[in-house]
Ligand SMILES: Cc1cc2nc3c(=O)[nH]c(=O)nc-3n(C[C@H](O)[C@H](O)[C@H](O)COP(=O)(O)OP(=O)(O)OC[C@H]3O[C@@H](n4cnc5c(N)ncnc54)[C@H](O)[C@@H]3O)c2cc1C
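There is one chain below, alone, in structure tokens, taken in the form predicted alone.
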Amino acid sequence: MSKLCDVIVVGGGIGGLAAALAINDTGKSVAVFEQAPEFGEVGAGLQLAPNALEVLDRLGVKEELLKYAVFPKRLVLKDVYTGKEVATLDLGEGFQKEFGQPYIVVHRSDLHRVLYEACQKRDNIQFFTNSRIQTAEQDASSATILLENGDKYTADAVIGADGVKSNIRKLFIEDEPVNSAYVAYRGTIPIEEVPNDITRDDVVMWIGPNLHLVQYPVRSGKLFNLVVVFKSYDATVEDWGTPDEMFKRFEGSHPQVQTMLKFINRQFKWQMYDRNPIENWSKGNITLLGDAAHAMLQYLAQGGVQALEDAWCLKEQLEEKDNYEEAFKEYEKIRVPRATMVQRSARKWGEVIHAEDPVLIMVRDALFERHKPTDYHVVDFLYGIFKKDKASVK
């Protein structure tokens, strides 16, 4: 079978497109396979911390993305019932000086489009749609993907960036996504429809026992993003986490929260799953990236960001090593501890913001009150990965 390209990327989401750009920067030709009929992204808002912006800057797409971004002034935690500010983090000049990049919020589709258009400008990146990949196989010198329709394509290497339900991951472990019992309703509304008493300057997370609501503007301030998350008490049935349960769970919440709930699109529901960490992402000329490797809960807003870190690290190792197997193993060695830490931290943070024991809530809030808005050491473990060595994600 003739070789299609140097590297095949399975999955045309944010991680897959970032990987295609990064790998192409090393001089290698790339083909991206997407199972959907066209390249695009669903969902709503996306928070991008400095570690994401640093990668996007290095990939040459940051300035284009900033045309559609909003620069929030603060990250704010509020009590979902009283409206009291529990904790804040200032995202102004001091924050940007500390981490070397801003914190922005964008519409997920805007980031995807910017990455896709950047890929389209490259002569040696190909795109395939309606391509559901069943598995991959390899020999000493090549790797081949097998599509469900029976087609096969061969390259020197394969990157599995095919999401939380990855088929390429099955080459490494036969596990299943972990049901968190939480469900999310996401959507955006025109900014003109947002009541005047709702802040547009901050990323606000209203927190309460086993639930939260997030709000912030996107698309240059033209849209307002809303995410409602709650733990379902009946996550064993297929259609768990219904709109009726959502409204019941938020009974008694702050009037502003009640107002925002009215704007939630009840048809767009995401049942939230992650994956348990694994130690092996790579085998020969095949490796994993993004959610296929380390799907995580959204509570730290790092899922897509970690895929961007993966892409840049992969680029570095492909430039440094003589062959794919060596590059992939070093990539795995660097990235597994980092991604595993973020996965586990996301779960822990979910437990913190969703605490239901009154004593734990009291202790949590007391600790939060001691935190200064300009004390950035609490997020350095996430955002500061590029601070010590701006040339590497190690």
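Each residue number is its position in the shown sequence, starting from 1. Keep in mind it's a predicted model, so treat the numbers as computed, not measured.
FYI, the form predicted in complex with the named molecule isn't displayed, but the following is about it.
For the options Phe127, Trp270, Tyr233, Phe71, the residue carrying a heavy atom within 4.5 angstroms of the named molecule in the predicted complex is Trp270. Shown without its partner, this chain lists Ser131, Gln317, Gln101, Ser282 as candidates; in the predicted complex, only Ser131 has a non-hydrogen atom within 4.5 angstroms of the named molecule.
Contact with the named molecule in the predicted complex, judged as any non-hydrogen atom within 4.5 angstroms, is confined among 235-243, 248-256, 290-298, 78-86 to 290-298. Using a 4.5 Å heavy atom cutoff, none of Pro50, Thr340 and Leu382 lies near the named molecule in the predicted complex. Using a 4.5 angstroms limit between non-hydrogen atoms, Ala161 touches the named molecule in the predicted complex. In the predicted complex, the named molecule sits within 4.5 Å of a heavy atom belonging to Glu34. The named molecule is not shown here, and in the predicted complex it never comes within 4.5 Å of any heavy atom of Gln215. Shown alone here, Ile286 lies farther than 4.5 Å from the named molecule in the predicted complex, counting heavy atoms only. Interface residues of 9-43, taken as those with a heavy atom within 4.5 Å of the named molecule in the predicted complex (partner not displayed): Val10, Gly11, Gly12, Gly13, Ile14, Gly15, Gly16, Phe33, Glu34, Gln35, Glu41, in sequence order.
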